[in-house]
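For reference, the chain that follows is the form predicted alone, supplied as structure tokens.
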Amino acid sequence: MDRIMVINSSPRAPVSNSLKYSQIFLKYAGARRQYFRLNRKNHRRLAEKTRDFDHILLVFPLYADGIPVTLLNFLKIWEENLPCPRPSVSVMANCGFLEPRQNDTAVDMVRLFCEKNGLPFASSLKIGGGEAILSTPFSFMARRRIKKLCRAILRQKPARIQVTMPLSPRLFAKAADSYWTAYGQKYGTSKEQMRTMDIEKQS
């Protein structure tokens, strides 16, 4: 494997969890990698830039059970500017749900795009509890899986990887409730307010 292009496809790329996951990957990938983040104006430039790389790693959060619109729009432009030879594509997807399988549809969307356009689909890492895991004692589990993804890409040996926190759904929901209650209090928003649509009007 020669050069790896890491594309942060989160709508909140500069302050996203996808950025944190990308940074961990870059640490393990060594010198033969370069990081980019999508924005509204650079889709065509990044699509053309893929010609300089052998492997593309798409890093993104789950949005409404699928890929975020930022990535969808990029794929539309990329489809019109595909390089030859085709680079391989891998995915690192994270979601707020505890179960990594919640990312399945989003990963399959990228896989289908690859099949349609003659792009080799290589490896995938599905991260459950993606908004929380790096700030818990279980962060080492995510880092180990990201390192495993990096090795799979560098060795050109496709892998299907997933990770989440070893918590029961009930305990996870309780921890999430405590987190968001405290988060709301920090900004003067009560738990009752967060349960109504009024929170949308304030944003």
Ligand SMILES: Cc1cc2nc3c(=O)[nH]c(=O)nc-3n(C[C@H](O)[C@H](O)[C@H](O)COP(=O)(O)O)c2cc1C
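Since we're looking at a predicted model, the values are computed, not measured. Each residue number is its position in the shown sequence, starting from 1.
Note that the form predicted together with this ligand isn't included here; everything after this is about it.
- Contact annotation: of the candidates 35, 28, 138, 63, the single residue with a non-hydrogen atom within 4.5 angstroms of this ligand in the model of the complex is 63.
- Screening 122, 119, 110, 95 for any heavy atom within 4.5 Å of this ligand in the model of the complex leaves a single hit, 95.
- Looking at residue 131, you'd find a heavy atom of it within 4.5 angstroms of this ligand in the model of the complex.
- Partner contacts here mean any heavy atom within 4.5 Å of this ligand in the model of the complex, and among 96-104, 83-91, 110-118, 70-78 they occur only in 96-104.
- Scanning 21-49 for heavy atoms within 4.5 Å of this ligand in the model of the complex gives no residues at all.
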